[in-house]
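Take a look at this one chain, the form predicted alone, written out in structure tokens.
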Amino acid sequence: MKKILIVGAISAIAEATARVWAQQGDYLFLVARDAQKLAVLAEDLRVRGAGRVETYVMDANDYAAHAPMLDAAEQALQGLDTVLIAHGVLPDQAACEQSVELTLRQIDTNALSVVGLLTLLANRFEQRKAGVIAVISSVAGDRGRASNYVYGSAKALVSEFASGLRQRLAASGVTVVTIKPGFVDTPMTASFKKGPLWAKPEKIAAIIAKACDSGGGAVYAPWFWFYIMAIIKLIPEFVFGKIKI
């Protein structure tokens, strides 16, 4: 039985992952901005078999709220051994290009708030010499592209920060998992045309749950994105600048 904190719990991928853990009887502490949606999700997870479910309303961009939330989670579950950071938004790239304020706000949400949480969690788990910290990044962070470089640059920061934490915490017995999904069919991508490379949240959830149990690293979800992004990263810059992907 694990004691799990999920930040951004009402995102589609986080909900699907919470259901996996609920069916295992794990204890869950759910954090998001919408109290009503949290309550509905919590009841669903109790029905599915979660050993315990608690909720907490917080905006991840409120940095002062991070430490009190972590204290509340540890108190409610009588400890923590696993954390999934899953909050984020998909910005309007064109709108960001015209607004410094909007661009910085999106980077704040998708990167800096994640870094703040990771820093606090790393220090807590390092002291205990145990724990799993999983964070959802994206394949978009592997190389900047004109169509989504604001989102991609934020995810690149998350991936590199998590990579550094992974190396720092390895000797302490703390596992850091970076999940890099490709295209996922969620409400956030409802307007996108879907194709064979798209995955359902349930598939990504199964990958996350397995990665948290198996020992860390950067995990592409699904696996074939590792090879797709390896090819994209190898394209020379003078060629890459002339194509649209």
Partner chain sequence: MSMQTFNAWGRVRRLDLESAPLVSRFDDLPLAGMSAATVLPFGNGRSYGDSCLNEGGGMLTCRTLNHFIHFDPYSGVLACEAGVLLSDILELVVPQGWFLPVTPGTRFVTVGGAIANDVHGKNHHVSGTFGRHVRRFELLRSDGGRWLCAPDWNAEWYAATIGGLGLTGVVTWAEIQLRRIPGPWINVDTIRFGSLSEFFTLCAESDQDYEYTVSWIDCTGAGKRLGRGLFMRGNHCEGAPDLPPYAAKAMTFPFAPPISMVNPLTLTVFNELYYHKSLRRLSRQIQHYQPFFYPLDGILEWNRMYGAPGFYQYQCVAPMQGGEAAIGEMLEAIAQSGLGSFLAVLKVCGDVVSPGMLSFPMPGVSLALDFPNCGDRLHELFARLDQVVAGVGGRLYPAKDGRMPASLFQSGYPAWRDFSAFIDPRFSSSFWRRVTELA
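Quantities reported herein were computed from a predicted structural model and do not represent experimental measurements. Positions refer to the first chain, counted from 1.
In what follows, reference is made to the form predicted in complex with its partner chain, a form of this protein that is not presented.
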{"query": "In the predicted complex, residue 43 touching its partner chain (heavy atom, 4.5 Å)", "finding": "yes"}
{"query": "Close approach of residue 23 to its partner chain in the predicted complex, 4.5 Å, heavy atom", "finding": "yes"}
{"query": "Contact flag, residue 66 vs its partner chain in the predicted complex, heavy atom cut 4.5 Å", "finding": "no"}
{"query": "Any non-hydrogen atom of residue 210 within 4.5 angstroms of its partner chain in the predicted complex", "finding": "no"}
{"query": "Partner-facing stretch of 216 to 224, 175 to 183, 51 to 59, 190 to 198, counted where any non-hydrogen atom is within 4.5 angstroms of its partner chain in the predicted complex", "finding": "190 to 198"}
{"query": "Any residue of 19 to 40 that, in the predicted complex, places a heavy atom within 4.5 Å of its partner chain", "finding": "19, 23, 36, 37, 40"}
